[in-house]
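First, one chain by itself in structure tokens, the form predicted on its own.
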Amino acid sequence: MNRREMLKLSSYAVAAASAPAVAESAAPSGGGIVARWDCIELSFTGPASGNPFVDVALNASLRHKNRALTVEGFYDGDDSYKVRFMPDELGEWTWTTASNNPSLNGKSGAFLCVAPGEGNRGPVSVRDDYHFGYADGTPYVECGTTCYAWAFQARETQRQTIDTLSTSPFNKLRMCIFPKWYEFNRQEPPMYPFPRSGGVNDYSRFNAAYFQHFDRLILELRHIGVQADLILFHPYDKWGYQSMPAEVDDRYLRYVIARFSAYRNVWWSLANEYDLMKAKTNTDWDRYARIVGDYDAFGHLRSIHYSRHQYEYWRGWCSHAGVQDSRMDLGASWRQDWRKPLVFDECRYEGNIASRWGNLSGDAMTRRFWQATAQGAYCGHGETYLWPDGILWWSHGGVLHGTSPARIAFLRKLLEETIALGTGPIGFTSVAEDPMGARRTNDSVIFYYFDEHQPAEQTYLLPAGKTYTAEYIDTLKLTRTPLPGEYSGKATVKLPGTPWGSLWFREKGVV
């Protein structure tokens, strides 16, 4: 066995802009150590003649005790074939390859999965029906933003994006795999996903360097604790990717799943505004959903995004609903209908461009986050400020200019203080006819968002047998003011009488 056929183990930490896409250490086949929920890579030398992307099939079966998983491999160019895997159980794993090429068939080995390091909480999945959590049991308060085309910008802009995210409240990034051609996005990408000559795509092959670039970006996001919400298709395209032949669509999906699904910070979004892609039918979307479900051995979160025709999020393949809508008051009823987490991935953007979808004030963006929270849902941020350098966060990344991120960070901190206590129903009402929006956490924390209302006092019916303290929060000034006294039963609370406030009850002795 030569060096390239060795078992490569990696924690894939990427610490600097100049770091390679993968920081690896090699161990002989048949031995090695990898942390739980890290990515292990099997690398083999195989045939480079013909068309390895189409002609060669490769997978590996991995076993732990009486459990077995099969993952597909992929060709990475330069006669290199790879299989990636994310072990989720401690102890010894064994593996065996299967291929239609004799040089790749029947390879075998083993590795030891050990406890994860600091910051490695595993992948995110659904918790308590309507919320999210890491695999180690830590709650995950979804707080996303959008940089659709940041992968196609100058390396300096990509570095700025990572630096900005690392100090922002945002722990999920929506990003396109295919390049984008749209308002403020009228430039050719530095590379293409398929070989391209004279405006014609060679769909029989992938450009390995293009997808290696995404490896690096996903791992850089992972290094700073940000989930990569990968958008698999979108309509804003002049290169033909939105109307590829069905067999190309399917081969593309299997390729990106083989490459990226072993990264613990990956989410799948089948499309951005799927209903604008007129070359695709509902049957196509059903097929894509089956492919993602069948070939992602690790069960990453899955959803789809629409423009005008809301998707049927009750469908079983969707782990959560990623909606485009600014009717925040419908959140509680939608999530009850679908019985799964609801994320307002796009509720318009803070900015100052001419389009109404991109000129919300920072106050209005903040308000949407609080409205979603009061409905038991989550919200997505975006920013579209015109700037002399022509870099808009919503598409290009770079740096943030708006006022909402600091206020969103304030809200996220409040939620993270309390969500570990458990989750409860929406709509815990006051005595007044209009409760204004409320949410409670296992009766230990109950909060109301007053929105534009400004009551000077309000009476509440608190759970029997419990005593609470109260705190008034100004969601725009970012102040927290303890209110005097203790509250129980039918309790009247004196309030500042200002809009955009939130009242939080915390059970005495618990929080």
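Model, not experiment: these values are computed from the prediction. Note that residue numbering follows the sequence shown and begins at 1.
Beyond what is shown, the protein has a form predicted in complex with another copy of the chain; the following relates to that form.
Q) Looking at 94-102, 212-220, 264-272, 385-393, which lies within 4.5 angstroms of another copy of the chain in the predicted bound form, counting heavy atoms? A) Correct option: 385-393.
Query raised in the report: Hey, with another copy of the chain in the predicted bound form, do His401, Thr475 and Arg480 all fall inside the 4.5 Å heavy atom range?
Result: No, none of His401, Thr475 and Arg480 comes within 4.5 Å of another copy of the chain in the predicted bound form.
Point to revise | 4.5 Å heavy atom contact, His453 and another copy of the chain in the predicted bound form | key: Residue-level check for His453: yes, a contact with another copy of the chain.
_Ser361 versus another copy of the chain, in the predicted bound form: is there a non-hydrogen atom within 4.5 Å?_
Yes, contact at 4.5 Å.
4.5 Å heavy atom contact, Trp357 to another copy of the chain in the predicted bound form = Yes - in the predicted bound form, heavy atoms of Trp357 and another copy of the chain come within 4.5 Å of each other.
- Message: With the partner left out here, check for me: in the predicted bound form, does some heavy atom of Gln458 sit within 4.5 Å of another copy of the chain?
- Response: Heavy-atom contact with another copy of the chain at 4.5 Å: present for Gln458.
*Using a 4.5 Å cut on heavy atoms, which of Lys280, His131, Arg412, Arg348 is close to another copy of the chain in the predicted bound form?*
Flagged contact: Arg348.
| request: Tell me, out of Lys107, Arg407, Lys340, Arg368, which residue has a non-hydrogen atom within 4.5 angstroms of another copy of the chain in the predicted bound form. | output: Of the candidates Lys107, Arg407, Lys340, Arg368, Arg368 is the one lying within 4.5 Å of another copy of the chain in the predicted bound form.
**Q.** Residues in 469-500 with any heavy atom within 4.5 Å of another copy of the chain in the predicted bound form
**A.** Read in sequence order, the lone residue that approaches another copy of the chain (within 4.5 Å, in the predicted bound form) is Pro499.
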